[in-house]
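Just one chain is shown here, as structure tokens, and it is the form predicted alone.
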Amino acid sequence: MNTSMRHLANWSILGLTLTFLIGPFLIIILAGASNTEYLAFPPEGLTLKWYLKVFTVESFRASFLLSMALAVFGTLAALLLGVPAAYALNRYDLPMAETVRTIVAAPIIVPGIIVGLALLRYMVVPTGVTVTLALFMAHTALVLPYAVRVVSSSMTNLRADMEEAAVLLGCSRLQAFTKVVLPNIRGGVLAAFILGFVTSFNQVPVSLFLSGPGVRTLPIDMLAYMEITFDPSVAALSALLAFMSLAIVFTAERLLGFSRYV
């Protein structure tokens, strides 16, 4: 195969890959701008009324605020647990450390439907906790593996003798952690927060099992909306959420070098 043929093959493969990755996104954007009363592609004329309608639906506003609160506070709770766990796993020779890592990663390994069903059957039903609290605990558990993994990656690149030097100079272990370790891994912590936020906000399987009357996350509310209405507003909202996620990840990559930690 000559050089021109190889270049043609490479560009063809690249084009097919980009079409596969970006094509559905473009379809959703155009479907959300369709000038019809039903979801259609290709669109029969273009309009922004469905994008504007998204902001007028009360259930979307309420579920958006709930999803935002769960993503922010669930990720913060996961970091409060995950940063010390990552520190201990990286700095100390703990017994059964690999077993602990596997257990922590379980919410990622196990399918979300199984996790949601297990939490509903063995946590929500026996304890009778509120729907909101159940969602908060579930989202914290789902984000925890990302917090431990990303912060552990950041800890690996931090020399342990820097912390020991701080201790020798008079700092306690806690002071050395807050004054030396945390400032040096803040990029990893912020990257873990962003990854956890996006993961929590877009979570579907677990939230589907744990949502209740009047308490639904935005993705679950979108599914419920589509059961009774088939207008393009859900496609418009999906496009807006995709833009939000892309903007967050792009900003994180430019400011933090996000790909170094994941």
Partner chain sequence: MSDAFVQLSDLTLSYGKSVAVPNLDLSIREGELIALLGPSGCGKTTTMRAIAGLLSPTGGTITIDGRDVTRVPANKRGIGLVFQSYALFPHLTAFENVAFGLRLQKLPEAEIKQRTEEGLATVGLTGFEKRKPAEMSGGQQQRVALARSLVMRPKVLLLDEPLSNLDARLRLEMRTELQRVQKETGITMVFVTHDQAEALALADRIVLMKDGKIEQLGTPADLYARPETAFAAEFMGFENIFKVEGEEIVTTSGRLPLEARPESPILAWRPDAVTVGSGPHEGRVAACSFAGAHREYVIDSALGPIKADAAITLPEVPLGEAIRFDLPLATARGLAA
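Numbering follows the first chain given and starts at 1. Just so it is clear, the structure is predicted and the values come from calculations on it, not from any experiment.
What follows is about the form predicted in complex with its partner chain, which we do not show.
Enquirer: Within 4.5 angstroms, counting heavy atoms, which one of the listed stretches 147-155, 173-181, 67-75, 126-134 is next to its partner chain in the model of the complex?
Expert: Contact-bearing stretch, as computed: 173-181.
Enquirer: Its partner chain is absent from this chain, but in the model of the complex, do 52, 54 and 57 each have a non-hydrogen atom within 4.5 Å of it?
Expert: Checking in the model of the complex: none of 52, 54 and 57 is within 4.5 Å of its partner chain.
Enquirer: Going by a heavy atom distance of 4.5 Å, is residue 96 a contact of its partner chain in the model of the complex?
Expert: No - in the model of the complex, heavy atoms of residue 96 and its partner chain never come within 4.5 Å of each other.
Enquirer: Whether residue 189 contacts its partner chain in the model of the complex should be assessed with a 4.5 Å heavy atom distance threshold; does it?
Expert: Because no heavy atom of residue 189 falls inside 4.5 Å of its partner chain in the model of the complex, the answer is no.
Enquirer: Judged by heavy atom distances of 4.5 Å or less, which residues of 158-180 approach its partner chain in the model of the complex?
Expert: 159, 161, 162, 164, 165, 166, 167, 168, 169, 170, 171, 172, 175, 179, 180 sit within 4.5 Å of the partner.
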